[in-house]
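Just one chain is shown here, as structure tokens, and it is the form predicted on its own.
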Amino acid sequence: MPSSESSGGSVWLRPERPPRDRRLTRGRIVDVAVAVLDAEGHRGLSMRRVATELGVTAGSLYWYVDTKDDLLELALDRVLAEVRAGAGTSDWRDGLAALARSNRAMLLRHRWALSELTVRPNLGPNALALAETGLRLLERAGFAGPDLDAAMAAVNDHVVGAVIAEAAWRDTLARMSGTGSGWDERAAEYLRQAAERHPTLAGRMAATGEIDVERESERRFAFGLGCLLDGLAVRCATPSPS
């Protein structure tokens, strides 16, 4: 059972208890939780499942982690440690681009983390270090005050939005391929009928043909990131109106 001393809120606001079983540490528990989340998503994660993977009882986990929400918060911060700006980067734009690409790659590896970013307080050491890195890069560009926060949010929003779009694209193609034979023919006929009403869209669809989703998603992400960085460079170089 969860400890009666748990005060709720973020796991990072409560001191970590020392290990009392040589088979268990909080780190090992989080390792297994991340592996389960990567393989099966949120539905597969439970304290009992993690305990089974570790060869211990579920009750023994509660000395180290009070609740499943705490475990998810710890797992999120664990994967945020994978995001890097690139060693020795002196240019703010190169550093921010590397940070965004690394963040995208992490979220594609750990798709469950997308929803966690919207519901967790992100007070862990890796989350705070990541935010500090991004803010310092943008500070180097010339942003300050509320504009500094807004610029960082713009980059993060681009990363998260791109990953959501790519994941949805992949999931849609997977569902469509499982609907049985004949779907391609029916879709093609439907789009031919719609082409007269949407000629520009029809032209682009005809031009693309077979698409490599991974390569095209990477291209679109890079295009959008380039546009965003171009805009930030112009914005920080333009004097604010008096």
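Just so we're clear, the structure is a prediction, and the values are computed from it rather than from any experiment. All residue numbers refer to positions in the sequence shown, first residue = 1. In this text, the rigid core denotes the largest set of C-alpha atoms whose superposition between the two forms falls within 1.5 Å.
The protein also exists as the form predicted in complex with a further copy of the same chain; that form is not presented, and the subsequent description refers to it.
Asks: Should residue 84 be counted as a contact of a further copy of the same chain in the predicted complex, where contact means heavy atoms within 4.5 Å?
Replies: No, no contact at 4.5 Å.
Asks: Quick one: does residue 201 come within 4.5 Å of a further copy of the same chain in the predicted complex, counting heavy atoms only?
Replies: Although a further copy of the same chain is absent here, residue 201 would touch it in the predicted complex, with heavy atoms inside 4.5 Å.
Asks: Give a yes or no for residue 162: in the predicted complex, does one of its heavy atoms lie within 4.5 Å of a heavy atom belonging to a further copy of the same chain?
Replies: Contact with a further copy of the same chain, yes.
Asks: Residue-level question: is residue 23 within 4.5 Å of a further copy of the same chain in the predicted complex, judged on heavy atoms?
Replies: Judged by the heavy-atom cut-off of 4.5 Å, residue 23 is well away from a further copy of the same chain in the predicted complex.
Asks: With the partner left out here, if you bring back a further copy of the same chain in the predicted complex, are 44, 63 and 107 all within 4.5 Å of it by some heavy atom?
Replies: Zero of three within 4.5 Å in the predicted complex.
Asks: If you look in the predicted complex, which residues in 119-152 sit within 4.5 Å of a further copy of the same chain (heavy atoms)?
Replies: Stretch hits, in order: 119, 120, 121, 123, 124, 125, 128, 129, 131, 132, 135, 136, 139, 143, 145, 146, 147, 148, 149, 150, 151.
Asks: After the core is matched up, is the C-alpha of residue 192 off by 2 Å or more between the shown form and the other one?
Replies: Moves: yes, 2 Å or greater.
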